[in-house]
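As a starting point, one isolated chain is supplied in structure tokens, in the form predicted alone.
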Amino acid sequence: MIFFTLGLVCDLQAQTVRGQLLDRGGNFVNAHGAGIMQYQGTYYLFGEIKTGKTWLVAGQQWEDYRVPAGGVSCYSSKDLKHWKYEGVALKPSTGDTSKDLDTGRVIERPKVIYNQRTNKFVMWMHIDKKDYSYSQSGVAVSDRPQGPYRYLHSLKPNGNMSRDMTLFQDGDGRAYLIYSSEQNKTMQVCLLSNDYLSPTTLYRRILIGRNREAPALFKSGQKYYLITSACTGWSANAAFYAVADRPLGPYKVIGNPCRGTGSGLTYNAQSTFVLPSPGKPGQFIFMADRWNKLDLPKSDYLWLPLKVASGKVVIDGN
């Protein structure tokens, strides 16, 4: 069964999305740089709200297109097909650019996990100034999966720069913050505290000298796989993946997981999250953004089946 809606193609068997995604109200899902958390039989989708006029930040060495920071949205679904808008999970502020959540700042790549010890839902995100000179990770907390979330603060984990990021929660309950660091020259993986609200001093530098961003970490069997993109601004490039025996690494770079037409540009998309397919060991959903750099609110989505077989990751875009 296939639905077509204004450029959206949604294969309900494989949870494949190409283009715009509609919620139950018929509105476009506004959740970019997204992640999904499953809690008590419901999937919760969190992402950046992108609205307003796109402009180019002057003086940058890359195409630093921006819109006002819109905060973080939340949508819920029982089946990954039909999405209910739950509202703004984390609201921005206005009129004070010294505040992390001001609309003149940057709020990117929000991810949420549930802490069974504290019964709290914890959100981490990339917090920055419009020129990326701030480079910190922000944290917020809520009693409910859909929020509202109470913003706590931002920080540099162990004094290190933090840009594009993701969260990973292992089966033993430990959680990790993964982020681009050192002007994107490396990535770092940092173990979070037991309450998930702060970084510990246990971290590792990985992908040293690789200049990678847009991390998405997942586990299959006893291995950990990390998909990233190159640093080409809003323009697409080839993804690659690395594998490790532990979340902290060391990681071995394997290569591009994408196959078929468009694989050299990740099908004109950039990785944001990998979600296990319900009841299908070794099968996942690769989630990515298709950025429209000149009109960022018109950016849309790409969700594709991802398989791990014999230790190899394959994303088939055909």
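Quick caveat, the model's predicted, so the values are computed rather than measured. The numbering used is simple: start at 1 and walk along the sequence shown.
A second form of this protein, the form predicted in complex with beta-D-galactopyranose (GAL), is not displayed here; the remarks below concern that form.
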Report summary line: Testing 69 to 77, 102 to 110, 202 to 210, 145 to 153 against beta-D-galactopyranose (GAL) in the predicted complex with a 4.5 Å heavy atom criterion leaves exactly one stretch, namely 102 to 110
Query raised in the report: Hey, in the predicted complex, is Trp62 touching beta-D-galactopyranose (GAL), heavy atoms inside 4.5 Å?
Result: yes
Query - beta-D-galactopyranose (GAL) contact at Thr266 in the predicted complex, heavy atom, 4.5 Å - result: no
Report task. Scan 148 to 164 and write down, in order along the chain, each residue with a heavy atom lying within 4.5 Å of beta-D-galactopyranose (GAL) in the predicted complex. Result -> Asp164
